[in-house]
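As a starting point, one isolated chain is supplied in structure tokens, in the form predicted on its own.
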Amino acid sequence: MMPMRAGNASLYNRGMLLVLAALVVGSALGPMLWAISTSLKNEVNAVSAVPSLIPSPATLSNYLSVFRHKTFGIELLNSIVYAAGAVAIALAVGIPAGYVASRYAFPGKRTIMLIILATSMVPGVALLVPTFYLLDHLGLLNNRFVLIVILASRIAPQTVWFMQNFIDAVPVEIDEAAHIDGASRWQTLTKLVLPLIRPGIAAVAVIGAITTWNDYITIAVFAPETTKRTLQVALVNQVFDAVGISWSFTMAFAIVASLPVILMFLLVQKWFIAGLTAGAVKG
């Protein structure tokens, strides 16, 4: 058997990469396309024994039903408030902590950072029961601020680590020059360092927002009241509706619930990609 020529080998490798990329993209986009297709069908066609990707006839009635749903507005508002509040608190804690971890040397620093990282590895489900009994005893169930703090605590550890890496990439000479000019540490952080790590902050904010936006179990357990639940909780409740599930309506609900984070990602996509690579090179 004759050995494959270099040109043919390169063409073969490129073809295999294209096939692999198509499989990965298809596995991600396939379910989304099917969800969009189902959301544009009436319920009869959505559950037809002969499935079809192209809806015929196509209808927007399911989306209108989602927006007209009596609790949609408060669920959307709760989702936005919880996600924005959790990200704000996580950044408010994570940025100064990351700066201290990056610029200061103190005893036990590595141990403390590993402990912070370890807290993010504890499954949230393992803490549900003790946290529920504590909040119930204190009368803090269905409290929006408590929910925001709990969500923020889930993303704060990784925020500290990300911020440390991003700040590590900023030359320490900038801090030294600012100190010589009489700037305080806080002024150096807010006026010099933060503008340089804005892409990193955007990346962390997007990751945190997506994490909290899609958090179902926290809200479902600690906020049983309908007025405190989010779009994700309402979406899951559609599946367990006693009347029966409407797949076309549920798919429309799922698309609408996903749109805010998709739009947010598209708006900060440039910063997000830059932020993910910002800490890769130091100095």
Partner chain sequence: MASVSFKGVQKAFGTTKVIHDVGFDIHDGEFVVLVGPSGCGKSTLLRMLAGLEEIDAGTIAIDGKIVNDTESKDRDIAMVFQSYALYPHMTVRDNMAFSLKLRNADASFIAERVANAAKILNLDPYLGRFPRELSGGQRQRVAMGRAIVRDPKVFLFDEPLSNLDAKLRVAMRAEIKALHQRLKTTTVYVTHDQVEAMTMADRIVVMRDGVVEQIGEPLELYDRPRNLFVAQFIGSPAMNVVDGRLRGAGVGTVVETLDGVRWPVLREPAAAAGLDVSYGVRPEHLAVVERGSADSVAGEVIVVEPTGAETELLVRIGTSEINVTSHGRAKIGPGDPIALRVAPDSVHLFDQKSGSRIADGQGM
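Residue numbers count along the first chain shown, from 1. Since this is a predicted model, take the numbers as computed values, not measurements.
Just so you know, the form predicted together with its partner chain exists too; it's not on screen, but the next bit is about it.
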query	finding
Partner proximity in the model of the complex: Leu76 to its partner chain, non-hydrogen atom cutoff 4.5 Å	no
Interface membership of Leu140, its partner chain in the model of the complex, 4.5 Å heavy atom rule	no
Residue contact check: Ile174 to its partner chain in the model of the complex, 4.5 Å heavy atom	yes
Contact test in the model of the complex: Ala88 vs its partner chain, heavy atoms, 4.5 Å	no
Interface residues of 106 to 143 toward its partner chain, as seen in the model of the complex [heavy atoms, 4.5 Å]	none
